Structures are given as C-alpha cells and as structure tokens.
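This document starts with one chain, in the form predicted alone, laid out as structure tokens.
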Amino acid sequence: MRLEKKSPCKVNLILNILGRRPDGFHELETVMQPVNICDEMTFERAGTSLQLTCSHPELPTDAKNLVHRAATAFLAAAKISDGVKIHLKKNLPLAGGIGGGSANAAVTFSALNELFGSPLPLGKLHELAAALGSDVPFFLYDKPALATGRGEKIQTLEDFSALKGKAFFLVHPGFGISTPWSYQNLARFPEALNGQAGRAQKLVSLLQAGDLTAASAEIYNSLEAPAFDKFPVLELYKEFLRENGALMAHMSGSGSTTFAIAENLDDADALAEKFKSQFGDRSWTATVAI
C-alpha cells in the first residue's frame, strides 16, 4: 500500500508573545491559517526499517529531520516493527516561518496512522505532535485555529468569513531566520516580549464577523521586532506590499516569509508582478486563493 499526501503550510495572522515561561518556552497566543501551498510526501510499507529520502540536498534524512523523528515516535507508540519508506519532495522554503517542517511531521503522523489501520486515536497523535514541536499539532487539523500555551493548545475554528474569496501572496527572501534566535533576541524588545493577552481572540471575533478592515488593524507579530532589526529588507517588503495594493501584509511566524492578503487571486498575481519588478525574481514567491 502506498499513500501520497500533500503537506501544506500556514501563516500566523497574529503572533502575540505574552512573556517567558519558567520552563524556558514563551507563553503566546496565535491565530494560524492553513495555506494550500504544499510539499509532497509518499508513504509505503517496505523493508524492515525506516527509510527517509528527500528531494532537498540541504535537509538531513536521519533523526535530525522532523519527519524521521515523527515516524520513529509513531512506530514506537503504536508498537509497530514493520519497515516504512517515506519520500519528501520539498517545494516550500526552509526556515520560512510558515511551518513547512512542522506540517511534514504532522502529515507523517496522520499518514502512518492511516497506513497501519489507525492504531492510535487523534488525541494520542496530538500528544506525540506536541512533544515534537509547538506548531506540529496545528497541522493535524485542516482548519484555522487559535493556539495558546507555547502553541500546542489548539482550538480549531470555522473558516473566517472576512477571508472568503481573498488570496495570499507569499515571499521568502532566500534566507531563513532561526526560531531560537528570534525568541532569544526578544529580550531586547520588552514591549514585544510582554504582549497584552486577548488580542488573538479579538482578531478571531473580527474575522468571524467579516470585518477585514478592522481585523487588519489587529494583525500583529511580536517577532517582527528582532527580525526587522537584523533584516531591514523584510520591513521594506512589508511596506512595499501595503503601498501597492495589499489589504494587509506581515511577516509570518519567526520569519523570514512575508505574506500579504489581496482582494482576490488576480490582485494577488498583480501584486506578485509588482514585487518582482521592484525586487527582482530571485526570491521564492507564491500566490494562492484562501
């Protein structure tokens, strides 16, 4: 049996850091929106061991890879000794703040569970995913979500009426930003490190009410502070997109991907062309309907 799966990404419509926790993580609230731009993965029962291959030469295929770690955790939890062969075709940029690696891990959990006849309930998959990374549980559910804690507590939401018919334009500048670096450097920006709780729920309410104009004023990312300080080109991207037709634009997650919301896919494509005319076409870019 062979399974072929799409592994999507996400953007953070808000990422509000509420302070550092005693366990070393950061307390946060975030609203994540699935984005249908995908890596491609195949899974099959084969051989007597775990075999992972990947199209991207810079990605390891051993225990340093989240897919390998997810598969190992699943097989151990399900008490399965059969061999598994996994191939990852990487279409999304690395270290982009859009959760590509986290999604790969979540898809691995779901796909292997399907491949072996669903030995683990969703709650157990969520537990395994949370142990692997804060963003991983989100990708077990194909819905927008409000996430709290360190990001592992997921409240799924219905599609936002304010985003109906809209489209995304995403741009990755060709360099990544380390998530640990971003959080470590938040200490230099006390206001960004210690956000006001409740902003995420306010944004959810506005998006559900269909008021994108009001919602746009609430979209925020604490991690822009250290990212823009070190990489001012990202702030240039954000301002350019806002000045050239985007309904809003922000950095996603810990960066370095910037996303913009456009009125429709045609407008997103036009925005992409304006961006390439201004900054060239070396960056990874994508447009997609929401």
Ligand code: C5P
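In case it trips you up, residue 1 is the first one in the sequence shown, and so on. Computed from a predicted structure; not experimentally measured.
In what follows, reference is made to the form predicted in complex with this ligand, a form of this protein that is not presented.
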Next on the checklist: Even though the partner isn't displayed, in the model of the complex is Y183 close enough to this ligand, meaning a heavy atom within 4.5 Å?
Outcome noted: yes
Checklist entry - Quick one: is S134 in contact with this ligand in the model of the complex, heavy atoms, 4.5 Å cut-off? => result yes
Checklist entry - Contact between N91 and this ligand in the model of the complex at 4.5 Å, heavy atoms? => result no
Checklist entry - Would T179 sit within 4.5 Å of this ligand in the model of the complex, counting heavy atoms only? => result yes
Checklist entry - Counting only non-hydrogen atoms, which stretch in 18-26, 264-272, 277-285, 5-13 is within 4.5 Å of this ligand in the model of the complex? => result 18-26
Item to check | Sole residue of H126, H87, R199, R150 within 4.5 Å of this ligand in the model of the complex, by heavy atom | outcome: R150
Next on the checklist: With this ligand taken in the model of the complex, which residues across 249-266 come within 4.5 angstroms through any non-hydrogen atom?
Outcome noted: none
